[in-house]
Structure formats: C-alpha cells, structure tokens
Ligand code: C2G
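Shown here is one chain on its own, the form predicted alone, set out as structure tokens.
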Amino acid sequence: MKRVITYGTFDLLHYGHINLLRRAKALGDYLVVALSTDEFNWNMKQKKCYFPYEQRKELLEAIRYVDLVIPEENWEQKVTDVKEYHIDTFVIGDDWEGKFDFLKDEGVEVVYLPRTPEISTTQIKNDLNRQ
C-alpha cells in the first residue's frame, strides 16, 4: 500500500482544497492529512482560523479522498510523521517549492502540486472584507 501525506490549515474549505486532496490521493492508496491545530496556526503562523480545529477535522474526515486526519502541532513533526505513518509520498502546494526537499533524505518522494490558480482562502477572506 502506498501512503501519502499532506499538510495544511484547510480553513474555509473550498474547491481548491478538494482539488489538492483529490490529486494527492491519486498518488497513492491511503491519504493522511496533517491538519494545523488552532494553537499552531496562531503561535507559528499568526493565522486566526474561522473554523476551530475540530470542525475543520470533521469536514476533512467527510471527504472521500481522506483516510486519516492527524494534528499538525509544529514544523518539526514532518520527519516523525513520515516514519510513524510509513509515508511513501509527501505532497504539498507548489507555493512551498523546495522547502521540504529534506524529506527525500528519509526515503520519501516529495511532490509539489500546482495550486488551483483562481481560488485561495486568503482571496475569499479579502473578497468578503470588501463587501
């Protein structure tokens, strides 16, 4: 079984997120999503989420492409996660290009997928603020 992992906040879930999850799942048999906790988002990214962690987790668990949702609590856990969950492929948006190449040293394929160009959570928030 080929295992894939991706990371993200997945707040204000939209079709760009679904597109990423669909393409990530297509790279393997089992998709693990590491979902940023509220504390990690605030303390490390200075991001405030609209939906709390548990609600974002429920939304992700309802998506057919997602097999398991785990918490992302710090930047450093990626190496531990790929070992603990026996990950073959690490997938993330291409806005992170090159940032996770160190996982190749762990024997993991690293794939940077193009983002869905016309949509982002930041864009949604900006559009709503303008109204």
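In this text, all values refer to a predicted model and were calculated from it rather than measured experimentally. Residues carry their position along the shown sequence, with the first being 1.
If you look for the form predicted in complex with this ligand, you will not find it shown, but the lines that follow are about it.
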Query raised in the report: Out of 33 to 41, 79 to 87, 101 to 109, 63 to 71, where are the residues with a heavy atom within 4.5 Å of this ligand in the predicted bound form?
Result: 33 to 41
Query raised in the report: Is there a heavy atom of residue 28 lying 4.5 Å or less from a heavy atom of this ligand in the predicted bound form?
Result: no
Query raised in the report: Is residue 22 one of the residues lying within 4.5 Å of this ligand in the predicted bound form, judged by heavy atom distances?
Result: no
Query raised in the report: Is residue 54 one of the residues lying within 4.5 Å of this ligand in the predicted bound form, judged by heavy atom distances?
Result: no
**Report entry** 4.5 angstroms heavy atom contact with this ligand in the predicted bound form for residue 59
**Finding:** no
Requested in this report: Select from 48 to 66 the residues with a non-hydrogen atom within 4.5 Å of this ligand in the predicted bound form and write them out in sequence order.
Outcome: none
